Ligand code: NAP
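This document starts with one chain, in the form predicted on its own, laid out as structure tokens.
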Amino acid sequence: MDLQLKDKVYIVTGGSKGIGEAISRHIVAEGGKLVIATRSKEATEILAAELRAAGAEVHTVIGDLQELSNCERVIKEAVAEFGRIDGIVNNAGVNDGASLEKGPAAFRASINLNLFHYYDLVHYALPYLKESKGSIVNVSSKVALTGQGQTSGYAAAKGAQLGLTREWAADLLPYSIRVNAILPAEVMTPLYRKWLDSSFDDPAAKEAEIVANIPFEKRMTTADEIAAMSVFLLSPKSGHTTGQFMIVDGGYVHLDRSLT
């Protein structure tokens, strides 16, 4: 299927690692022009060099998106480099374990880390998205619906991302800008692997315990499966889909646990 992304310009935050990297790869595979916005300098340079060598047009903006000026800079550089913006994938963030016990300062820092840049980037991009009738994809998490324990800040941020998805979908109807969210559950990324390896005496046993509770095929969702949904939502092929929460998780959230 031709997703009609060719020569269109897409910004992916956190676009050089894990789910973000997979989304970046799928965008350029469909002929899109890519802007990676992240603070991960080394990983971004390696990925960008690889993609450019394969013929892709890639621009990188290195900086911490917790700084408002960096969000504005991403938009300015994207337009200066490519002349337009057709879509944004808000993906950057981390489950930082800011629990009730960690206190108000940790909670506020977690919200800053995981939420504000979603709003800031779209705010600065809005004039260009109006011109292109673009699309926004917010990467949230199943934690927004289920909770997890010991991660109040992350859960609050992810829930707020769903609220923004519905609000923006309503707000931007007059401009034909579509806004949707993806809620991953158990996806093996470098961060997930680091959590397993650093948190448990027997990481393999813990991984097997988690996988056993995933109904469909008893396996984790792949980053490529999240990316495939992301580029579909960006594309005109999903042209009448807006304000939706797409849960790509092998039935983890909604199917009866007796199935496992």
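Position 1 is the first residue in the sequence shown; the rest follow in order. What you are looking at is a predicted structure, and each value in this text was computed from that prediction instead of being measured.
One more form of this protein exists, namely the form predicted together with this ligand; it is left out here, but the text below deals with it.
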_Position in contact with this ligand when the complex is considered in the model of the complex, options P190, P127, P104, G149, heavy atoms within 4.5 Å_ = P190
*Name the single residue among L65, A227, L233, L34 that comes within 4.5 Å of this ligand in the model of the complex, judging by heavy atoms.*
L65
*If we take heavy atoms and a 4.5 Å cut-off, which stretch out of 128-136, 72-80, 162-170, 113-121 is in contact with this ligand in the model of the complex?*
113-121
*R25, V89 and T242: each with a heavy atom within 4.5 Å of this ligand in the model of the complex?*
no
*Though only this chain appears here, would L100 touch this ligand in the model of the complex if you measure heavy atom gaps against 4.5 Å?*
no
*Does R178 reach this ligand in the model of the complex if we count a contact as any heavy atom within 4.5 Å?*
no
*Is there a heavy atom of T222 no more than 4.5 Å from a heavy atom of this ligand in the model of the complex?*
no
*Indicate whether A185 is a 4.5 Å heavy atom neighbour of this ligand in the model of the complex.*
yes
*Residue by residue through 15-43, tell me which have a non-hydrogen atom within 4.5 angstroms of this ligand in the model of the complex.*
K17, G18, I19, G20, T38, R39, S40
